[in-house]
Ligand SMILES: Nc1nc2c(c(=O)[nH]1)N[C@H]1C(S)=C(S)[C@@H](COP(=O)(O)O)O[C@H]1N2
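Presented below, as structure tokens, is a lone chain in the form predicted alone.
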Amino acid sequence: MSRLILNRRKFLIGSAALTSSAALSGCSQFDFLGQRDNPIRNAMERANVLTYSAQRALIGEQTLAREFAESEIRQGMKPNGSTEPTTPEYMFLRQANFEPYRLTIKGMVDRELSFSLAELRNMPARTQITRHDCVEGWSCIAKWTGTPLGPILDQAGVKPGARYCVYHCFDNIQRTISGDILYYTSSDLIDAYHPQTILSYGLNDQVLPVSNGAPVRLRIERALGYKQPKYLHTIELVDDLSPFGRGQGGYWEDNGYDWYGGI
């Protein structure tokens, strides 16, 4: 299994490098990820599907990620990516100590719901000490506390046709002349309902810091770090990922990363 993880990391990092090389080679290559018939993109998509199918078959849907002892927490959780969103909505919430914050569940559900941070903290909680694995190659063991996502989805009543959860964030990951591009990613319902998938509001027995995703960060513990969205505000149940971004299921996925991101 360790060889599978290592080979997967090499593939992802190699894919990102390949994307960068293609972008530098000329304008005609810059948008290859948006070209359905591009051979580079097609090869990457075939590898993604194979990895997804193989890991589901080998690992099983409900197998837990490894959990660690508190003595194995050797450092604070490394902040990565965006660490301080500057969207007006987020800045307002931060100045108000996140008291007006609401997490919304919408889309293909029987009833749209929203929860304050206080309501999430008053729900049954799960604490887990797990290892965060970044596609860049570093790892960090940390203690996360939060509300399991599955029971919240059950409250909303997921409709039979729903296949994915799309996770929308306050994180303005990229700024362009056309405006901010906000971070998003997605998962299938198997990962959404996994017992270790939590809406985390606590880190190492402290309130989740802004640099690590406050007020709420999703933890999908059997996935790489870019599948752990920070600054989460909406979970949308859908049957198709194509209407979002470039249609690949997430910000980094739109830029060439594997959609599944499993480890």
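This structure is a prediction, so every number in the text was calculated from the model and none was measured. Sequential numbering from 1, following the sequence displayed.
Below: the form predicted in complex with this ligand, not depicted.
- A heavy atom within 4.5 Å of this ligand in the predicted bound form is found for exactly one of 102, 159, 175, 78: 78.
- This chain is displayed alone, yet in the predicted bound form one of 169, 149, 93, 165 has a heavy atom within 4.5 Å of this ligand; that residue is 169.
- Listed stretches are 116-124, 151-159, 132-140, 102-110; the contact stretch with this ligand in the predicted bound form is 132-140, by a heavy atom cutoff of 4.5 Å.
- Highlighted residues 183, 212 and 231: every one comes within 4.5 Å of this ligand in the predicted bound form, counting any heavy atom.
- This ligand in the predicted bound form comes within 4.5 Å of a heavy atom belonging to residue 226.
- Using a 4.5 angstroms limit between non-hydrogen atoms, residue 217 touches this ligand in the predicted bound form.
- Looking at residue 82, you'd find a heavy atom of it within 4.5 angstroms of this ligand in the predicted bound form.
- For the stretch 247-263, the set of residues having any non-hydrogen atom within 4.5 angstroms of this ligand in the predicted bound form comprises only 252.
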